[in-house]
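Next up: a single chain in structure tokens, the form predicted alone.
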Amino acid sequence: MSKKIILSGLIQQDFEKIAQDLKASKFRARQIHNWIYLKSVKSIDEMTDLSKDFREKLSEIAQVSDVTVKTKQVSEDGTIKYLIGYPDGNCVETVLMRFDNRTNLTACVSSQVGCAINCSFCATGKRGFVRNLTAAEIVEQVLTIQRDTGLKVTNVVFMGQGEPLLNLDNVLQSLTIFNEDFQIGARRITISTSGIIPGINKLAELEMQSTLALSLHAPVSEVRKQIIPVESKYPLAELKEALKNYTNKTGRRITIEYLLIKDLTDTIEMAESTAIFLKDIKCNVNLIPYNPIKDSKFKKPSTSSIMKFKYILEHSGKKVTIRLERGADIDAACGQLTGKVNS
């Protein structure tokens, strides 16, 4: 028996081909498409505006999904973390974040199984790189959230496991599906990177209108190498030029993510150096207090050092926010995802 077609992750042309093979109209293809992306059904039987006969024929050759939810954890703050299993046995984590008094529902998706960057503050990097996710596997993460909660995801951030710009083709393909099929606006989608210059240059060429977020974390090369080893390959001076080229080409403001680690990156000297580094880059800054992970020597910064750092950057003319910690009690906060069944 031939393997069934997985409907999640397909685009409209794929649905039209399936409808054509079943001797049905393009209208049927549009109905299937809407059931998958706008209504997030779990099974073909739920597609109730299709005739029973057609659903039976469709079920013979296709199924909605082939992923499983291995575990689901709910934080005290409403954050939900899913461990999603793929048919090859690999797993990744994806997170649904809700914020008080906001209608936004943000999905934090993974782009790779594991990660090759090996940032010293991140649990994912300690696992190492396993493989890239396909566009369909990335899309499945948001569909899993929507199927489970019955809610519509409004924002997507590529800030889960993996380095998105080392899986750029699949990330861009999934971004197109989020934009066109889920009807999530391009500016509600953020791609985060540790500083992969060729990928940043590619996004500049494409004049990407989604948000680019850079994990800066230190404005001094020697310190940055301690926490982000890729600094050795793509040093700050070259990275800065790539960022300026990106803002010039796209007209978009970059989000600079900065991790505050006690006595390492949260000092007044680091704040002043960061202000100088960012002076001529069109950007906003998001400060991220460090979230502890197992066997790490790093510590959380004090509230005082966070506020001093924020003040110095604001005084330099930058818009600065402090990231709200979400899901730390279930290891779903920034840098805490592992994607392992026994994590």
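Numbering starts at 1 and runs along the sequence shown. Please read all numbers here as calculations on a predicted model, not as lab measurements.
Note that the form predicted in complex with a small molecule isn't included here; everything after this is about it.
Note on the partner interface in the predicted bound form: the residue among V171, C122, L96, V139 having a heavy atom within 4.5 angstroms of the small molecule is C122.
In the predicted bound form, at least one heavy atom of R323 sits within 4.5 Å of a heavy atom of the small molecule. Contact annotation: Y290 falls within 4.5 Å of the small molecule in the predicted bound form, judged by heavy atom distances. Within 4.5 Å of any heavy atom of the small molecule in the predicted bound form lies no heavy atom of A204. The small molecule in the predicted bound form comes within 4.5 Å of no heavy atom belonging to E231. With the partner omitted here, the stretch from 72 to 80, 160 to 168, 174 to 182, 239 to 247 that lies within 4.5 Å of the small molecule by heavy atoms in the predicted bound form is 160 to 168.
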